[in-house]
Ligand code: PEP
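Next comes just one chain, in structure tokens: the form predicted on its own.
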């Protein structure tokens, strides 16, 4: 995927309830995706629905993603686990790793790092979620964010950094009535790129895509892209509201060349 295109990722979480609903949502997104000129979209349905939400033929600007993957890279006695290689085999291209909801359930930076390695080794692109729990005026959250990025990416070789996507999702803004202020989004995305540059070099830092996640909808998405100056969005509840998500894709695509 061209790095100058905006990347919109729909994280469906544990929605919808039925396969029929999932296929309907995916169908609407597959219909709009080929009309986009400067935007790529990724949908991440619940695991049982991924195959049915894909397509036998390639759909332009449309990609499948998974909401997680196992740290295990080889087959074996890993009950309940799904490997990155299995996901690759069913057409998945992206995997969300380290989402705040998983971190809240105890997933550590060490575990995130293992998953990133497994996903990269399987030829997939990890969407690595990072974000502070609280935003204090003294700026202590910056150190928290820096350490989270450094520890999560600890096992990534320089040759593999081009496959990484970073998703900045301030935990306090997820599910809030309004997203983070656009100027603060811009400031934080610069900081995330700076930390990435410190680890992998300036060139890698300039090229890495940083998405924003947190209370995104079709109404605020264009301003977040335009004034927050991010490379795309990680969309939660709006991504299973197919009319709203379609409008979001259109709106983002419309401002991409401005």
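Positions refer to the first chain, counted from 1. These figures come from a predicted structure and were not determined experimentally.
Just so you know, the form predicted in complex with the ligand exists too; it's not on screen, but the next bit is about it.
> Which of 101, 72, 93, 85 has a heavy atom within 4.5 Å of the ligand in the predicted complex?
Going through each option in turn, the one that passes is 101.
> So the ligand isn't shown here. In the predicted complex, which residue out of 216, 53, 29, 225 has a non-hydrogen atom within 4.5 Å of it?
Going through each option in turn, the one that passes is 216.
> For the chain seen here without its partner, which of 93-101, 74-82, 136-144, 156-164 has a heavy atom within 4.5 Å of the ligand in the predicted complex?
Careful reading of the contacts points to 93-101.
> Counting only non-hydrogen atoms and a 4.5 angstroms cut-off, does residue 175 reach the ligand in the predicted complex?
Contact check for residue 175: yes, within 4.5 Å of the ligand in the predicted complex.
> Contact with the ligand in the predicted complex for residue 132, defined as at least one heavy atom pair within 4.5 Å: yes or no?
The answer is no: residue 132 has no heavy atom within 4.5 Å of the ligand.
> Does the ligand come within 4.5 Å of any heavy atom of residue 13 in the predicted complex?
Residue 13: contacts the ligand in the predicted complex.
> Is the gap between residue 250 and the ligand in the predicted complex 4.5 Å or less for some heavy atom pair?
Because no heavy atom of residue 250 falls inside 4.5 Å of the ligand in the predicted complex, the answer is no.
> Can you name the residues of 237-251 that have a non-hydrogen atom within 4.5 angstroms of the ligand in the predicted complex?
Residue within 4.5 Å: 237 only.
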